[in-house]
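Take a look at this single chain, the form predicted alone, given in structure tokens.
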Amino acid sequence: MSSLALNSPHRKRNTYTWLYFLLPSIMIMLLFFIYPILLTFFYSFTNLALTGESARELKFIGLDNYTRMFQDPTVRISIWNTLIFLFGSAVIGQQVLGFLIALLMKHKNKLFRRVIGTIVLAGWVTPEIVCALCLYSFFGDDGTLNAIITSFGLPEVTWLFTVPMLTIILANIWHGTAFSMLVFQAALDDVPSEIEEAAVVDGASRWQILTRIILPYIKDSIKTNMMLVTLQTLGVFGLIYAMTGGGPGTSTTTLPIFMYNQAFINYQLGYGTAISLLLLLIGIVLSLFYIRSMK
């Protein structure tokens, strides 16, 4: 009798009930994530273009786009620029600065935390294009920074031409540090104060408390935040394009900028999609690295 109950149609229907609840999510993933990736993968093997003969007749050209990509010196420059921008603004800038701000705000009164938090959050909630225009006005030839240094009798500096990579790194740090600050604030608030008080009683210095108690306690938050800010920074486009346009020359041309130029400025969509897959591959490799380190 029990065997019949286990194998009844009603039992089988209940087994697959969970599938009905997942169907909307599965359909959305297939439509807006899996399908575009597969379509991009297909177009990367074609001569797809916006104008000219290639726009009238789509042809399968095999690995020609990938061969061209790995022979193009600008691609290597773009990869190098992307890594510099990623390491400078995400790994060092946003991560370290966000942690330091959160640490300085720890155990402070509510008014102090609200004021500092609001100031830092102002850069994060500002739309990317507005942020780019603000920083362009700050680093421009007639901008705020030159007005400050000339008031001390120093000569003007063409920041966007002399150190363009540094300017976009600082701009992205200002724009995204608040996210890291919020993550670390939540993590630091979870560190038991009793452990820190016991360490102080035992004669531990502030540096020892930081390195032997706080950092090990919040290491999972550090890794999670690192993965999130890395993936966010990897796809930054509007900030760089509005401030420097990838120039001067190719000094700030990252992979998103180079992909856009090839696909929508030079109208070579097939080549542009091949570059986008390279960017996707870098993101996947970094994600797998962070996930593995978190385990």
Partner chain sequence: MTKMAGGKRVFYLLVSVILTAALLAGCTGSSGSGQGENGKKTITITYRDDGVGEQGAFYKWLKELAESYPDKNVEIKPTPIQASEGDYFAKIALALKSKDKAPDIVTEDTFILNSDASAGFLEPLDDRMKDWSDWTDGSFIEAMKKGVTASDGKVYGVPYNTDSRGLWYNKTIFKAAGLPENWTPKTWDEVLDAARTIKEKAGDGVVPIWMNMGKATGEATSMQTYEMLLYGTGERLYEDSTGKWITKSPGILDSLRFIETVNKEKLGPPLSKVLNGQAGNTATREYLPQGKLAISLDGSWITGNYLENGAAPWPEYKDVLGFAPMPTSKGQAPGSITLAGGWALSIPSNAKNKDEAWEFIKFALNKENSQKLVTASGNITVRADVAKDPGYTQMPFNEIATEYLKNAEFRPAQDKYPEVSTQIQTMVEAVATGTSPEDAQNKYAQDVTRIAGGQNVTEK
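Worth saying up front: this structure is predicted, and the values here are computed from it rather than measured. Positions refer to the first chain, counted from 1.
Not pictured, yet referred to below: the form predicted together with its partner chain.
J.: Which one of F237, F41, Y66, F264 is close to its partner chain in the predicted bound form, taking close to mean a heavy atom within 4.5 Å?
T.: It is F264 that has a heavy atom within 4.5 Å of the partner.
J.: Of these, T118, Q71, S205, N109, which has a heavy atom no more than 4.5 Å from its partner chain in the predicted bound form?
T.: Only one option qualifies, and that one is Q71.
J.: Spell out, yes or no, whether the shortest heavy atom distance between Q268 and its partner chain in the predicted bound form is within 4.5 Å.
T.: Judged by the heavy-atom cut-off of 4.5 Å, Q268 is in contact with its partner chain in the predicted bound form.
J.: Answer yes if any heavy atom of G249 is within 4.5 Å of a heavy atom of its partner chain in the predicted bound form; otherwise answer no.
T.: Yes.
J.: Is G52 one of the residues lying within 4.5 Å of its partner chain in the predicted bound form, judged by heavy atom distances?
T.: Yes - in the predicted bound form, heavy atoms of G52 and its partner chain come within 4.5 Å of each other.
J.: Evaluate Y136 for contact with its partner chain in the predicted bound form, applying a 4.5 angstroms cut-off between non-hydrogen atoms, and reply yes or no.
T.: Yes - in the predicted bound form, heavy atoms of Y136 and its partner chain come within 4.5 Å of each other.
J.: Can you say which of 83 to 91, 182 to 190, 205 to 213, 155 to 163 gets within 4.5 Å of its partner chain in the predicted bound form, counting heavy atoms only?
T.: That would be stretch 155 to 163.
J.: Within 30 to 44, which residues have a heavy atom closer than or equal to 4.5 Å from its partner chain in the predicted bound form?
T.: Read in sequence order, the residues that approach its partner chain (within 4.5 Å, in the predicted bound form) are L31, F32.
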